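Here we start with a single chain on its own, the form predicted alone, put down as structure tokens.
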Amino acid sequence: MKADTAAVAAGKLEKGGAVKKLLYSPRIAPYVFVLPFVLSFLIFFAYPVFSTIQMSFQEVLPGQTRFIGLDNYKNLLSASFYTALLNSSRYTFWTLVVLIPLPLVLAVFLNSALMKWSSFFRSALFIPSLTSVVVAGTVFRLVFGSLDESVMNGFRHLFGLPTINWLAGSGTAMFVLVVLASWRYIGVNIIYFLSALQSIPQELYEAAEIDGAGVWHKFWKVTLPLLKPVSIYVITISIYGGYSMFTESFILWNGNRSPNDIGLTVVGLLYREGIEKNNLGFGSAVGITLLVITMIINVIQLKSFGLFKKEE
């Protein structure tokens, strides 16, 4: 009896040793470490994308689906989609114009040894990014309200300008959206640029000073080239963020309906068709089209920065 028990225990130890040996194997260990990422990628990205592509060719109704070919994509050729795509493109363009150069310049100032209270300004600029987009959108809706008593109309009155309805015009509505995005995300981009600035060796600046380089030449010849990888990353996530914007518009107009669809975005159209109208097939076609557009724009900008060139 004792001999049998010892044999079982020895067998368990042998199995445990085999598992341990397998996990610590130089050939197996790398696959074990990347397995959580691969599983999460397959479950939370690859499968939803594949399922969405499949649904975009179907008419999806409660309890039944029907293959309809390219009909959902043909239905995209509508005024609503063009309006949504134009609004998202304008928003992305203006956020890129504001949220790339401005945080870069501010980060350079905050990284300077001559800058006083830099820690305070870093915190003050980053705090808005911690604010809920729902709270921020509600506050901005009140600040840019149509009443005489709203903050921005009161500001206009100081210069003798009349009251306007900020969220009723296409230009002023886009201005409010861009100001809201700038207020929320400028601190995040400053952090990205500050991290990159602090990794630049000071010896490069000292060598440039010995060669007679001034402040502008050091910024142009040393700082900007070394910030290129971070700049590409910030532009990429800004393009993605611009085309995926929805919550800000939804909160500002208290829903997914704005006058003449001036606040309608591509994701807003997806929400309207897929969720509000329960047309999941058409909503999937909108989502896949948005994915393709975003990928094409990012590939173009990555290629323009020479990211696909072989290093010499």
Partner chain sequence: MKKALQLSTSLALASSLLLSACTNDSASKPGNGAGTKLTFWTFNELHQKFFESMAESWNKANPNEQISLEATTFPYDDNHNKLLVALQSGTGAPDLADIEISKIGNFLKGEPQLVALNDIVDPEKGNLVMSRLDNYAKDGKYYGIDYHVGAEVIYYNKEILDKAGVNPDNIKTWDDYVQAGKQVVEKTGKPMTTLETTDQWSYWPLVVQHGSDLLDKDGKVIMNDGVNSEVLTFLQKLVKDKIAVVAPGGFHHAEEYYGFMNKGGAASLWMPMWYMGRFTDYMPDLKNKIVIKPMPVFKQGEKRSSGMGGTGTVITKQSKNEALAKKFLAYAKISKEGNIQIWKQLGFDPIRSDVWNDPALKEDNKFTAYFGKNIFDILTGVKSEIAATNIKEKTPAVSDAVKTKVMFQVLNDLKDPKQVLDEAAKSIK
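Residue numbers count along the first chain shown, from 1. As the structure is a prediction and not an experimental result, all values here were calculated from the model.
Only in words, not in the display: the form predicted in complex with its partner chain, which the text now covers.
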Q: Look at the stretches 58-66, 28-36, 45-53, 283-291 and give the one with heavy atoms within 4.5 Å of its partner chain in the model of the complex.
A: 58-66
Q: Give a yes/no on whether residue 250 approaches its partner chain to within 4.5 Å in the model of the complex, heavy atoms considered.
A: yes
Q. Counting only non-hydrogen atoms and a 4.5 angstroms cut-off, does residue 149 reach its partner chain in the model of the complex?
A. yes
Q) So in the model of the complex, does any heavy atom of residue 70 sit within 4.5 Å of its partner chain? A) no
Q: May I ask you to check whether residue 138 falls inside a 4.5 Å heavy atom distance of its partner chain in the model of the complex?
A: yes
Q: Scan 200, 142, 98, 235 and let me know which has any heavy atom within 4.5 Å of its partner chain in the model of the complex.
A: 142
Q. Can you pick the one in 163, 182, 75, 129 that has a heavy atom within 4.5 Å of its partner chain in the model of the complex?
A. 75
Q: Can you tell me which bits of 165-188 touch its partner chain in the model of the complex, meaning any heavy atom within 4.5 Å?
A: 168
